[in-house]
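Next up: just one chain, as structure tokens, the form predicted on its own.
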């Protein structure tokens, strides 16, 4: 149920993001979701891709500073208050959310939310026990 997320440290310079996407395209690795957090001097590109182990290896070989982080992929109702149902569960169980990002996928009728939390195993158990649809890695990779 844990998903491998690729994080790439990028200098805040023209063309750095395109260099990542070009490399992944050349290696036939499909980006399923992404998020960028930036400061004045650098950014962190977070990616969910269909072949995370290969993406990590190719980016590392190309000289990028890259890491792998485990995250959760959760399907939430795509309606007002849908996200709140998952966030409320996390709050009730005192699970700290470090960050999240969301997108509309083809997994069903909901929005997909990627969560990075401090207690991943606890969050996984709690979400499942509350009937929240936690997606397995293959489902996310193959959207």
Partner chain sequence: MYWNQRYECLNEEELRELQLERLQTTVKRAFFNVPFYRKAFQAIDLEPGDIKDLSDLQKLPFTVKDDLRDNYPFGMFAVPMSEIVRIHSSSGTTGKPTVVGYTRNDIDVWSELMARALVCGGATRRDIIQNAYGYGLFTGGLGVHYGAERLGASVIPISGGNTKRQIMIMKDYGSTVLTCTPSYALHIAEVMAEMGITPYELKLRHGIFGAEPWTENMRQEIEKRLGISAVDIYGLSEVIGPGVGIECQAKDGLHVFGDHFLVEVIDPVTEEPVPPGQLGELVITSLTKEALPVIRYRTRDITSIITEPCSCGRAYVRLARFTGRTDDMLIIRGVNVFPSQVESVLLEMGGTEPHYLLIVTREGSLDSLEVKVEVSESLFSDKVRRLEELEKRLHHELESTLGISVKVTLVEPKSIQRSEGKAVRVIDRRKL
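All values derive from a computational prediction rather than experimental measurement. Positions refer to the first chain, counted from 1.
Another form, the form predicted in complex with the partner chain, is not on view; read the next lines as being about it.
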Q. Taking heavy atoms and a 4.5 Å cut-off, does residue 51 contact the partner chain in the predicted complex?
A. no
Q | the partner chain contact in the predicted complex: residue 30, any heavy atom under 4.5 Å | A | no
Q: With heavy atoms only and a cut-off of 4.5 Å, decide whether residue 130 touches the partner chain in the predicted complex.
A: no
(Q) If we define contact as a non-hydrogen atom of the residue within 4.5 angstroms of the partner, is residue 26 a contact of the partner chain in the predicted complex? (A) no
(Q) Considering non-hydrogen atoms and a 4.5 Å limit, which listed residue (111, 114, 66, 95) is close to the partner chain in the predicted complex? (A) 66
Q) Who in 31-52 is close to the partner chain in the predicted complex, meaning a heavy atom within 4.5 Å? A) 37, 39, 41, 42, 44, 46
